[in-house]
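In the block that follows, a single chain appears as structure tokens, in the form predicted alone.
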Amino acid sequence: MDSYYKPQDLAKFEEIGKEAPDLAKKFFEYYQAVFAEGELTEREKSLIALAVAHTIQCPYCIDAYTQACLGKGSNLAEMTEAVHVATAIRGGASLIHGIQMRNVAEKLSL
């Protein structure tokens, strides 16, 4: 096996509802509503999704939203910048937890 993740599995996403069709229907309706044009454009929503996909490290989502971003007119520079935004937020979130470490260390050092 070359990879644990198989790109062809992305096309099988809807199969997840075979054993729970009512729940899957609700999820997919919600999903479609979330990504419909609203206060944010579909293009903007795809860029957000791409950034989040990198944060949660989902290769299927990265593939899907790379394709979605390109299909909605984003370019590689915009997509890369979105990934850097996600990286900065994720990095900052890791660093701020350093305060928790410092608080515990200071408490135990008393």
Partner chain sequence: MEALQAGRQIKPFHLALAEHGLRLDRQQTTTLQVNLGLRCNQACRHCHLDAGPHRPELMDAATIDQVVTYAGRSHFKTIDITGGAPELHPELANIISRLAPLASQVILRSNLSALNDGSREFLYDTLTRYQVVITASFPSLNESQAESQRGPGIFRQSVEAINRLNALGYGRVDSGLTLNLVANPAGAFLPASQAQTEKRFRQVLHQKWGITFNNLFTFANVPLGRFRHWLIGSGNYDRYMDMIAANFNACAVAGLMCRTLVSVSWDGYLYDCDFNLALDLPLVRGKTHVSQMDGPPEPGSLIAVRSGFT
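Note that the structure is predicted; figures quoted are calculated from it, not measured. Positions refer to the first chain, counted from 1.
Absent from the display: the form predicted in complex with the partner chain. The rest refers to it.
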4.5 Å heavy atom contact, I48 to the partner chain in the predicted complex: no
Close approach of A68 to the partner chain in the predicted complex, 4.5 Å, heavy atom: yes
Close approach of E81 to the partner chain in the predicted complex, 4.5 Å, heavy atom: no
Distance check, E19 to the partner chain in the predicted complex, heavy atom within 4.5 Å: no
Contact set, 72-92 vs the partner chain in the predicted complex - heavy atom within 4.5 angstroms: K72, G73, S74, N75, A77, E78
